[in-house]
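As a starting point, one isolated chain is supplied in structure tokens, in the form predicted on its own.
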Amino acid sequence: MRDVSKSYTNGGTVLALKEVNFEVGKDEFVCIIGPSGCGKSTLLRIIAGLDQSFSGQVLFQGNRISRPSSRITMVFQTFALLPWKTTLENVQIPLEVNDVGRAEARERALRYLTMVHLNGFEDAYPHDLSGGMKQRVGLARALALNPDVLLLDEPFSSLDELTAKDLRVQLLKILSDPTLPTNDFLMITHNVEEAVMMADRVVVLSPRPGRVLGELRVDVPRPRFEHLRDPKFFDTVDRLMEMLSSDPSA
């Protein structure tokens, strides 16, 4: 991200993001945290190639992102499943759009549904699934394209805490699989403890307009769900909370 700024016009001009700069390295899980309305989700849509009306540059492996790509996929906060499609069909859609043959698309979709523990629900429709199950479908759909980069837009925020906790642990186990071709992860969250549990590094945004206040590398052993009572865990949470409350321009 190089000097990325974004404005909206709605009865006036609203500056959502201001000169955002950061990068995600290979084999790295980065979380972006910040208060509500600071432009986190807007930033993720820009990275995904879904929003081109911004200034600055977003580069992927040295090339400017100018449109959505199968190499960068996204898990949405609101699940974004087609209600008239089955679980299997929802996962197959992006594969078929990207010219993957029907037989291979089905095989891949079934493999990733098994990975997220939804085998047996292939023929279920979204209205038959719980919120956690819907998000598992969204995760399988995003991973089935074998992307280089996985974007996650507050993927657990609409779930109850028990379901969210279980899904965080399961996601981390999936992402630690050495056979998974996806290596780079960028997640938006407003939950500081969630960021510390998931990320190698956390980028902190200011209130609107979102600017990078700083970043912090998480020095807590993995798997983190086994170290939630580690003093390092709480110390990292405290340091991030201090960064969130400090705004040099205020």
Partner chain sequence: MKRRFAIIGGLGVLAVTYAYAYFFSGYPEAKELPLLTLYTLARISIVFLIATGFGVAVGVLAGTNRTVGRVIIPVFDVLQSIPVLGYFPLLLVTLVLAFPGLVGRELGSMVMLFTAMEWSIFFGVVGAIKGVPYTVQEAARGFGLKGRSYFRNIIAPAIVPALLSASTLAWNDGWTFDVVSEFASYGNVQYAVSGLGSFIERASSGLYPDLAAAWLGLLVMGEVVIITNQLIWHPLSDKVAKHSAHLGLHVPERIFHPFRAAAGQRRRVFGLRFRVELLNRARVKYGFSTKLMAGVFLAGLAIIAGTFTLSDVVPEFSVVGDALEGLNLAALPIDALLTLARMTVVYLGCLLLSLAVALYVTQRRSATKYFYAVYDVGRAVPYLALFPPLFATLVAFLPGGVGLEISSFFLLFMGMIWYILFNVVTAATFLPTELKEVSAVFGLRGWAMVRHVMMPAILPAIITGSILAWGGGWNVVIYSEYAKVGGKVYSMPGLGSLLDQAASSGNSALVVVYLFMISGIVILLGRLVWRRLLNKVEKRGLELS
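Residue numbers count along the first chain shown, from 1. Here the structure is a predicted model, which is why all the values come from computation and not from measurement.
Beyond the structure shown, there is the form predicted together with the partner chain, which is absent from this document and is the topic of what follows.
Peer 1: Can you work out whether Lys165 and the partner chain are in contact in the model of the complex, taking contact to mean some heavy atom pair no more than 4.5 Å apart?
Peer 2: Outside the cut-off, so no.
Peer 1: I'd like to know whether Arg64 contacts the partner chain in the model of the complex, with contact meaning heavy atoms within 4.5 angstroms.
Peer 2: Heavy-atom contact with the partner chain at 4.5 Å: absent for Arg64.
Peer 1: If we define contact as a non-hydrogen atom of the residue within 4.5 angstroms of the partner, is Pro94 a contact of the partner chain in the model of the complex?
Peer 2: Result yes; Pro94 sits at the interface with the partner chain in the model of the complex.
Peer 1: Using a 4.5 angstroms cut-off on non-hydrogen atoms, would Leu59 count as touching the partner chain in the model of the complex?
Peer 2: It does not: once the partner chain is placed as it appears in the model of the complex, Leu59 has no heavy atom within 4.5 Å of it.
Peer 1: So which of Ser130, Asn98, Thr114, Gln170 reaches within 4.5 angstroms of the partner chain in the model of the complex, heavy atom to heavy atom?
Peer 2: By the 4.5 Å criterion, the partner-contacting residue is Asn98.
Peer 1: Using heavy atoms only and a 4.5 Å cut-off, determine which of Ile174, Ile72, Leu110, Leu159 is in contact with the partner chain in the model of the complex.
Peer 2: Checked against the cut-off, the match is Ile72.
Peer 1: Of 131-147, which residues get within 4.5 Å of the partner chain in the model of the complex if you count heavy atoms?
Peer 2: Counting only heavy atoms within 4.5 Å of the partner chain in the model of the complex, the contacting residues of 131-147 are Arg141, Ala142, Leu145.
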